[in-house]
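Alright, two takes on the same chain below, each alone as structure tokens: structure 1 and structure 2.
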Structure 1
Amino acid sequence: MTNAPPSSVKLPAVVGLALAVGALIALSWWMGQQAYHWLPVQASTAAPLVDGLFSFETALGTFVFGGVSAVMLWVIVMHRADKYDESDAVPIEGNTKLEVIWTVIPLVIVMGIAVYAMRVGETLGSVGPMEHIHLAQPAEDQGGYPGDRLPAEQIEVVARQWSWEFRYPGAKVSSTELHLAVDQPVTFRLVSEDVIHGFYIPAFRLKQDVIPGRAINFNLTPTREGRYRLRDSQFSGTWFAANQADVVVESLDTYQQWLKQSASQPLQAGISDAVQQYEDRKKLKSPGWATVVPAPPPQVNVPGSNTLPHDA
């Protein structure tokens, strides 16, 4: 794009550009490493895969954004008109070779990212397929089972306005706190009793909408013991923000112990922050507009807690 004789620009410009690109690559790599710290702890087999992809995209994004910003900054500093300079610049109207370059290179890059992401998606599928969605399948009618586990080994997740209920049909246990055994693959059966909800555990990097009228099978494998937060991720009405539950990942022994002990507990009211907030609001002098009335707290063996400190 320059008319200057090549010899007059070459060496210092090339060295300067190489240094700048080198610095940008280093910055991009560093940002890619930083990206892991912006995410919650990794508590499922999916998490490292998702984080790796995100880190890669952060590095690449830093390079692109940094490159564009550097060009803009350079132009703003170096190519500004002098105060009383009313003249025009050299009228360069375009360059077909450049157009081809900046069409093809981004095309290759984004397709590369997409292929990488598709592979990650497939691996996620094998560690926990996310799409065993079914209405009543013929196999089920004939006694076959969807998903990877028998219904007795699945955990049924009931989403409603506004509480989460977890049922362990095999152990005859129900709870408003989700307990899982570390490193054990688990299959959920997600159902909603009213509107669309979202089953989202950030520490697991996984999310699945819960659709009324469907039972959705959803697999994952927790990998780290701890207490995490499950949040409703699809807006579900007035007390949407309060529709949370705790997820406890524990050793297999502790988990089995918990199931055994819980089975002998009598049924009692589970946790429902929404019901609490609804009752508090009713006591106000002007309780405001009519809302959907929260479902009563589910009757469960173990209410658990959702006020203990959580890891993510």
Structure 2
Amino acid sequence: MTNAPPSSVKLPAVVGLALAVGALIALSWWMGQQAYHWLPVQASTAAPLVDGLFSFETALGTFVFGGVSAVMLWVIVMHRADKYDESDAVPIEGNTKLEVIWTVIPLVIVMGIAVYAMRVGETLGSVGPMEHIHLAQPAEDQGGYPGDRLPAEQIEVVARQWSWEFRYPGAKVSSTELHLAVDQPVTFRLVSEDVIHGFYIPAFRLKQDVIPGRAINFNLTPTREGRYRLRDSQFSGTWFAANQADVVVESLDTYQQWLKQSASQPLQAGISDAVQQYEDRKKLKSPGWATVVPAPPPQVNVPGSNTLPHDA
């Protein structure tokens, strides 16, 4: 009678490995939940989808980082050479099974992230068709109120160096502070009069480049009342960081009342921090490097405010 060969699998090692993996999974899940608190408030239908993708990537990244770090620490502690051992390591050949494993696992992870991201992108469907345009003349000189060229559900967004202008169809209202009705879908017609700008509202989790020579439709639905901040996410010159505007999300009744009141307001200069900063700079004895002269502030019915506190 021959004795069976001793098993190479040690139960304590398996239990320890299972506990370590379980702890790493718990830590990864916790980090994924914490990721929601690192972002601004959710103020559009797109925000939960984008935040969910970010949370998933954070949890997955935590698991990969923690796993790799744990293996490195184990090797350093348990397989280190003796203090005065200066001999070469034992020569070994490649381990095909191990190479297949560390190739397949990253492939699965990357493909999982890609599939998740594509599904989120398809669900959002925020970017519509692009229309080639020609802005040889100012928009106001093309006949009639600029907003009359738009369907009723669209708001035209005009980006310049360095100011934003918003035109509301039908109501014949323009402003340098964007007003939206909560829970009402809206389509923006994004237009640039000079260089590439970035239409980015962090609380909405959506960003779209505004490309000169093209009118780009951009869709979203705000879901939370409040005051938020629109930022230029593309470097467009010296004062691009000052190219910001407030976004006010309010009830439908309040929004309609605002449109009605704004239509009776006379045109006046809108907000343009870049113009003021440029004028202040010219007064210096040494104004510094040459820069593009900011476009004049747009003439609007409602300048709005850029000093009130905002949520994000």
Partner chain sequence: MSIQNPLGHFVNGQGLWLTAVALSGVSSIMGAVNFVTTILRMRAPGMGFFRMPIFCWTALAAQSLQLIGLPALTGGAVMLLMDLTFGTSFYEPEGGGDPVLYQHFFWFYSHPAVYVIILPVFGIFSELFPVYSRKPLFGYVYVAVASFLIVGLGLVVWVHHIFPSGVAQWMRNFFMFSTMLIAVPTGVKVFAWLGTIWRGKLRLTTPMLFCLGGLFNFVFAGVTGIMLATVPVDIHVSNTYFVVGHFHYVIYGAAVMGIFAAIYHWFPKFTGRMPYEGLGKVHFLLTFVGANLNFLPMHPLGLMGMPRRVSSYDPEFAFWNVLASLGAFLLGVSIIPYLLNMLSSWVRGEKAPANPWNAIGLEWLLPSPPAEDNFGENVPTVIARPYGYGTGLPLVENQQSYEQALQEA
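Take the two forms, find the largest set of C-alpha atoms that superpose within 1.5 Å, and that set is the rigid core. One-based numbering along structure 1's sequence throughout. For clarity, every value in this text was computed on a predicted model and none was experimentally measured.
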Panel number for the form predicted together with the partner chain = 1
Does the C-alpha of residue 97 move 2 Å or more between the two structures once the rigid core is lined up?
-> no
How many angstrom apart are the two C-alpha positions of residue 76 between the two structures, if you fit on the rigid core?
-> 2.6
